[in-house]
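Quick setup: the structure tokens below cover two forms of a single protein chain, split into structure 1 and structure 2.
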Structure 1
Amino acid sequence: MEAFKDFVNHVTRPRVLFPLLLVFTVLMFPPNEILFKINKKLRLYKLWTRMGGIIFFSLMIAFFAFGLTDPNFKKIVTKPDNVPIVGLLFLVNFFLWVSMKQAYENDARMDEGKESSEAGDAKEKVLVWPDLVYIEFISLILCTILLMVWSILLKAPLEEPANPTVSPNPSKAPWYFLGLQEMLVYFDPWLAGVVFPTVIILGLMAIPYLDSNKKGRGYYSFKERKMAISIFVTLWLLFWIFLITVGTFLRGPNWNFFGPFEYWDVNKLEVLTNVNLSEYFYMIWFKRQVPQNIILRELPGFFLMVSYFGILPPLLAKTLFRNIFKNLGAFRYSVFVVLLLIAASLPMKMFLRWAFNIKYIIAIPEFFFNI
């Protein structure tokens, strides 16, 4: 059991866990036709939509039940502030499985020339009274009972009055801001607190307008909405749920990473030497002094950013996103690819910090401009 706990502590390190989740997401929610064919050839969609989802959900329950036998895991998971996040993880997985199961079933029906399962429901007349009112009333009663039981069994996470001379360690924001707090580790506040949240929200809002496919409307379908669903799930799971989970369960004293079964030792200090890309380029690769001139010093970072936003979009339009460019046109494709690249830069920068300790791609503290 101790070996298993050590293994879990190692796998849940973000530099290991994030690539695994990214591969899982791409395989289960393939964004293009090539990956979709690979998914069908390996029959991953059947594994996911039939017993695979139930087995995965059962494994989650078994893992949490086993984890409660460990004092460190139990202390973190049963903390009143963290209980809603535990419920969030189970609810996200369950409803994601239900929706994708319905989507793949509809795709199979459409391939056979049949109507979607929602088509029959749309023809059936349902009255507001009593059908809808009864459902809402029963839901209201169940939610009220749940909140009453919750308030009785769990103490309110109230602490002593705020003391400006004493800060909690770790000092965490409410769960709905933990994603932003985690982003502040990798980016300056103007990027993590303003640019990225705005771009991600606008990008999610723009998906229905960028996806011009008229099929797959009014019913669950993955085949007709591969790109839209894949982007939404990736942004939602990896850019928000993942960051909230990391901030809740894996960030401990001094904002260090701790495994689920690891004791939160306040004296733990991870020796990290974060360096900028310019320092990596000149001092580590070429063994020379960093230039004093700002433009020359940050030239590698400028070159990388220009290549990322200037060369990569047309290159993708000719290769991987060829069909997307053809369907969207030049303007909508430009909006789509810029939003996508900005959102993708977040996990890329996070992984660069975890794997290579790179702090900034472009670092100009003289003008408070850091990327």
Structure 2
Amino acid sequence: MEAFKDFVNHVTRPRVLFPLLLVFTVLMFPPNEILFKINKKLRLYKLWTRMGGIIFFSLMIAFFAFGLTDPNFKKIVTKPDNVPIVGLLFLVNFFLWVSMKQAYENDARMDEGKESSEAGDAKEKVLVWPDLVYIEFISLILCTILLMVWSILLKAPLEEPANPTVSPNPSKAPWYFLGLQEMLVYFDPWLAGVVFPTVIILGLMAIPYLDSNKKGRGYYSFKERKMAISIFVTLWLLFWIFLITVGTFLRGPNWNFFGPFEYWDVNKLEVLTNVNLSEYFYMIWFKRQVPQNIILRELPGFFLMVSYFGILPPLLAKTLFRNIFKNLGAFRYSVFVVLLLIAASLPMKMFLRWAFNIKYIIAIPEFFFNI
């Protein structure tokens, strides 16, 4: 048991779990034919069957049930405001499964030349009274019961009265913003707290205008929209839900990482020896002083950023994204790629941090401009 707990504590470290989940998610939701074939070979799609679902959710429930026997795990998971996030994890996975199961069933039907089950259903019309009103009424009752029971069983939290002079450690934002707070580990507040939320909102709004695929409207399907689903689900599961989970359950005092079975020790020390790219460039590679001049000092960073956002997009347009470029045209393609590159900057920065202890790529603290 202890060995298992140690193992989990070890594996749940973001630098282990995030890359693992990233690979796994891309394989589960393959964006192109090649990965789709690998998915088929490994029979990963079996998760989207009744049996797969039962096994997956049994494992998930077993994990939580086992976890609750551990005092540290129990303490974090049963904190009143954290209970909804446990619920969120189950709900997100459940509905992921519901939609993917239907998608694969429809794909199989359409492979046989039949229409999607929704297309069959859509031929007939029914009266809203009673068919829909009835369903709505039942949902509404069930939802009310759920809320009542939940409210009777679990008291809303109320801590000590507000005291501006004593800040709790850790201080956490409301749970739905913990993904952003988690990004603060890798980016400065102006990026994690202002630019990224803005980009997320604008990016979401842009989806209908960037997805030029006419197919796949009004029914569940994976095969017809592999790329779109792959991107969306990866961002949603990993960059949002997963980061919230980390921020909620696995970040303790001083925003240090704590495994799910680890005691939140205020004195846990994490050695931080992060260096900026400029220091790497001048001091480690060229063995000389970092220049005084800001522009000169940050030249490597500027170069990197310009290539990332300036050279990579046309390169991708010629190679990996040739079809997307053709479909979207220059302007919309640019928006698409820039959004994607901004999203990808998160795992990139994580990787640079974990592998090379890079703190900033461009660091101009004089103007609070750090990337």
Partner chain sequence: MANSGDKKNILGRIAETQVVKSIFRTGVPRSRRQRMMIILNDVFLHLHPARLPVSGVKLKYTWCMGGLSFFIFLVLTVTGILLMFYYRPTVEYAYGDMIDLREQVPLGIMREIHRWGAHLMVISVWLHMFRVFMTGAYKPPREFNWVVGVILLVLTMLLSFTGYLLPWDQLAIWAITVGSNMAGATPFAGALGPGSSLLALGDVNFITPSSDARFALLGGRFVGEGALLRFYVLHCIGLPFIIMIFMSVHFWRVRKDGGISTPL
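Rigid core (definition): largest C-alpha set, two forms, superposition within 1.5 Å. Counting starts at 1 and follows the sequence of structure 1. In this text, all values refer to a predicted model and were calculated from it rather than measured experimentally.
Colleague: Which of the two structures shown, 1 or 2, corresponds to the form predicted alone?
Modeller: That would be structure 1.
Colleague: With both forms fitted on the core, check whether the Cα of Phe18 differs by 2 Å or more between the two structures.
Modeller: Stays below the 2 Å threshold, so no.
Colleague: Would you say whether Leu352 is displaced between the two structures, judging by a C-alpha shift of 2 Å or more on the superposed rigid core?
Modeller: Leu352: C-alpha displaced by 2 Å or more between the two structures.
Colleague: On a rigid core superposition, would Gly53 pass a 2 Å threshold for CA movement between the two structures?
Modeller: It does, since the Gly53 C-alpha is displaced 2 Å or more between the two structures after the core fit.
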